[in-house]
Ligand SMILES: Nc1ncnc2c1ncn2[C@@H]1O[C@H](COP(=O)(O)OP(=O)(O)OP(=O)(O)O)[C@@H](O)[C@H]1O
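The chain below stands alone and is given as structure tokens, in the form predicted alone.
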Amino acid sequence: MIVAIDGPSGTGKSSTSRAVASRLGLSYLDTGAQYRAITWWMLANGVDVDDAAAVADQAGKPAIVSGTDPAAPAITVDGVDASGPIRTQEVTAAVSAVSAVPEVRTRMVEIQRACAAAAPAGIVVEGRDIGTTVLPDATVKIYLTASAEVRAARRSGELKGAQSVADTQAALVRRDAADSGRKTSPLAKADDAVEVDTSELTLDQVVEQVVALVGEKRAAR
């Protein structure tokens, strides 16, 4: 059982994916954290993240390991816990540029597919290109959306006021354009994905919808 949950920032991917995995007894993988992890490594090692060739040259060096327990997802880089450092504004500002480098995406996709293959009962994988590129044969594909205003308010809340809602919304619009416009594995809804607009829904309501969709798939198998 592989559940792919894609969508842009602020749509509730992480909270939904973790909750669904917990409810269904599945593993959980946050692919966005992996891209943040390699971005953090690049920054920490003095790599110019705007130099695609330099990023590509270093893409194979960091050892990135993701924990897949939805109750306590973890990520390490070269054996160091990176769960805190990858959430900084510096990483957020650089992650789109690093993620757009084809060599980075190739490396991350290999790791992501290995994580999915190793999951004992199945896995919920969240990201931006899971249903289209990473796991195109996923059992269930979900694409979460929400209005720009709602997404900005949610993300600003996550940042605990470190950035205004207006600035957050502008940053999200830039991120959307970068992610949707990149040549390699852009942010996109798979043709067979079910779209769920989370703008007016509570987390519990979104989780219930996804769990119901998985139940329907299981019954049909």
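Small disclaimer: the values here were computed from a predicted structure and weren't measured. All residue numbers are counted from 1 along the displayed sequence.
We do not show the form predicted in complex with the ligand, though everything after this point is about it.
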{"query": "Shown form pocket vs the ligand in the predicted bound form, superposition, backbone/C-beta distance 2.4 Å", "finding": "open"}
{"query": "Partner proximity in the predicted bound form: Val211 to the ligand, non-hydrogen atom cutoff 4.5 Å", "finding": "no"}
{"query": "Contact of Val20 with the ligand in the predicted bound form (heavy atom, 4.5 Å)", "finding": "no"}
{"query": "Interface membership of Lys141, the ligand in the predicted bound form, 4.5 Å heavy atom rule", "finding": "no"}
{"query": "Three-residue site Ser14, Arg175 and Thr198 fully in contact with the ligand in the predicted bound form at 4.5 Å by heavy atom", "finding": "yes"}
{"query": "Residues of stretch 186-221 in contact with the ligand in the predicted bound form (4.5 Å, non-hydrogen atom)", "finding": "Thr198, Leu201, Thr202, Leu203, Val206"}
